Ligand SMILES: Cc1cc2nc3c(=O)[nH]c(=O)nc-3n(C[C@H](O)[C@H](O)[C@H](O)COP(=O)(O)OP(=O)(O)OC[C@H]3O[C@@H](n4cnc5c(N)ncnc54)[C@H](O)[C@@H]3O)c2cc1C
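In structure tokens, the next block holds one chain alone, the form predicted alone.
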């Protein structure tokens, strides 16, 4: 018998989970306060770089590497099921060393990656012209990691929503979940907008708003919103080929010449407004990496609230309090990177297809009665 599932949240995690569950035969309903992709998703640059984002966390590096390996088939399936184009490039990251400490750190990282079987190479300034000719000549060198890349986050989210609906998923937008509660025989219910629904499983993928949803008998989800601001500049198409990274920001060049510049990290509660100071810092970071961007017009500013948990790792797994509830939240800065792996783990839980070892370190119960 096909399981019924309510997914709370229609960001990249909620929509891609809904797509996979629906295509696998589940009866899926998605509840979201906004339209799909309008939360943290809209302010994500879509970088796929576990060997940069996971510098200081062995767990994040391991999870990110697993998820990166899933991306090619994940994108291919999404394109086929939705009929949508999704921007996806795996042409590497180019991380600049702007001082001696950066250079030493990146050289050490290159040796560690090589020992781990990951291709990377140190590029001296004299060779920048072969890779990224616009990169700052003030840099002491750069680390090129060819397996990295980027993806269009909003395009993934909207494609997943469309594909999910093709497989029968129903989206209820402009309505917010208020409460999740247990039902007999291991099922769960959701109250939203004065109405309640029941399902075999509820997937809580509400990002920073997860803490605002009451789970009957459980503590509040310990997720804090962290604002990220991102600006978009316009350069010549093809001027940059890959993600350029530095100590104060990064650049993501799209095929049409748009350059996404990110990103700030600000603990300001649920304030989603951008600031002049944030924009100024991002423009300065862009020019430090590629000086010619000083003349590039700014065409957009976006903000989003990233869901940060106590240890910067996602909370992913079954609730110990409401048997039918599955948490899939607190991805913080790695929501896009970890999406394919998150989808696989949630699908395994819904269809009871075994217990992945990663669920032990992601168990929500490590943070209390959840």
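All values reported here derive from a predicted model rather than from experimental measurement. Positions refer to the first chain, counted from 1.
This protein has a second form, the form predicted in complex with this ligand, left out of what is shown; the following refers to that one.
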206, 307 and 337 - do all three of these have some heavy atom no more than 4.5 Å from this ligand in the predicted complex? yes
Residue (of 246, 152, 228, 189) lying close to this ligand in the predicted complex, criterion heavy atoms within 4.5 Å: 228
Under a 4.5 angstroms heavy atom criterion, identify the one residue in 61, 318, 344, 333 near this ligand in the predicted complex. 333
Determine whether any heavy atom of residue 26 comes within 4.5 Å of a heavy atom of this ligand in the predicted complex, and answer yes or no. no
Can you tell me whether residue 213 touches this ligand? I mean in the predicted complex, with a 4.5 angstroms heavy atom cut-off. yes
Under a 4.5 Å heavy atom criterion, is residue 177 part of the interface with this ligand in the predicted complex? yes
Does at least one non-hydrogen atom of residue 17 fall within 4.5 angstroms of this ligand in the predicted complex? no
Which of 286-294, 129-137, 169-177, 85-93 sits within 4.5 Å of this ligand in the predicted complex, heavy atom basis: 169-177
At 4.5 Å, heavy atom to heavy atom, what parts of 234-253 sit next to this ligand in the predicted complex? List them in sequence order, or say none. 250
